[in-house]
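As a starting point, one isolated chain is supplied in structure tokens, in the form predicted on its own.
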């Protein structure tokens, strides 16, 4: 019995408790330490003021990567995270160093069109109040237009998908107006609406509503008739069929429309802010371009990218929570 037991294979360690190799995370941390040394030690040929600050931030990033790696076996999530980002962290350290080399260090690219990382960091430290105010106004404007457009598109899509009478009247209008880009309505919107803010909300809502309407309509129309037959057999009312059968079954299509509407709203947001509003990331971009402050323009673009990816991530989290049976099917 003892011999048989000794020959038996050892039980596998649970997934997540297996020891993780620290090499990738440590390599990424060392890459950022090397980048920090390069930033601080190589003299700047351009007149920049944030090299030491940038080097300190690079050291902090390296410390975080190394700490996450060393704690990886005790906290598996940290270890898995450090391994998953290691390759990108190394690449980013190399790219930032090369960016500095051709701008701040050797001054190979002409100013002001090609700003250095130190110049962008200076924008974040010196102009954070104006940039933060622009970000807040953009988020509020986008939220108003997107929520209004999503609500109208959802209600219209459910109505068209459920009722043939509504579809008879609405479908031709959708085919005529829907494919037009929302920006084509800018002259009319700024003439009809009393303020540039309300006109911008209308344009964002218009860009959002069309994909939400079409995908919601498609989802409701594609629900299997067997679902309705079973519900009617159990005595379901018309209201129950709509809210408890049709809409839940159409939610995967609805979320696709919401993602498409969110992407369309981003582009309209920038155009609308450039034309009328007094604050926002689009306005900030136009202001920076007018003053040839290209570092400010690039800094605003990075903030806008972070805002967009954050909103899409939140929408994905909502989708995974609402459609738990499809969690992980589509990843972001």
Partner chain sequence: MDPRFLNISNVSIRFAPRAPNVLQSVSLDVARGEFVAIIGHSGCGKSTLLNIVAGLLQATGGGVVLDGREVDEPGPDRAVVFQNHSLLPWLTCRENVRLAVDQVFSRSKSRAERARWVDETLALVRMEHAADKKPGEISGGMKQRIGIARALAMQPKVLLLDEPFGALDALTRAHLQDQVMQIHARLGTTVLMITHDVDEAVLLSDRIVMMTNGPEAEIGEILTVDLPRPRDRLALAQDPRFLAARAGVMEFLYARHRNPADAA
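Quick caveat, the model's predicted, so the values are computed rather than measured. Positions refer to the first chain, counted from 1.
Below: the form predicted together with its partner chain, not depicted.
Of the heavy atoms in residue 112, none are within 4.5 Å of its partner chain in the model of the complex. The shortest heavy atom separation between residue 234 and its partner chain in the model of the complex is within 4.5 Å.
Although the partner is absent here, residue 244 lies within 4.5 Å of its partner chain in the model of the complex, judged by heavy atoms. At a distance threshold of 4.5 angstroms between non-hydrogen atoms, residue 128 is out of contact with its partner chain in the model of the complex. Only one listed stretch (92-100, 226-234, 118-126, 161-169) carries heavy atoms within 4.5 Å of its partner chain in the model of the complex, and that stretch is 226-234. For the three marked residues, 152, 191 and 202, no heavy atom of any sits within 4.5 Å of its partner chain in the model of the complex. Note on the partner interface in the model of the complex: the residue among 87, 249, 136, 147 having a heavy atom within 4.5 angstroms of its partner chain is 249.
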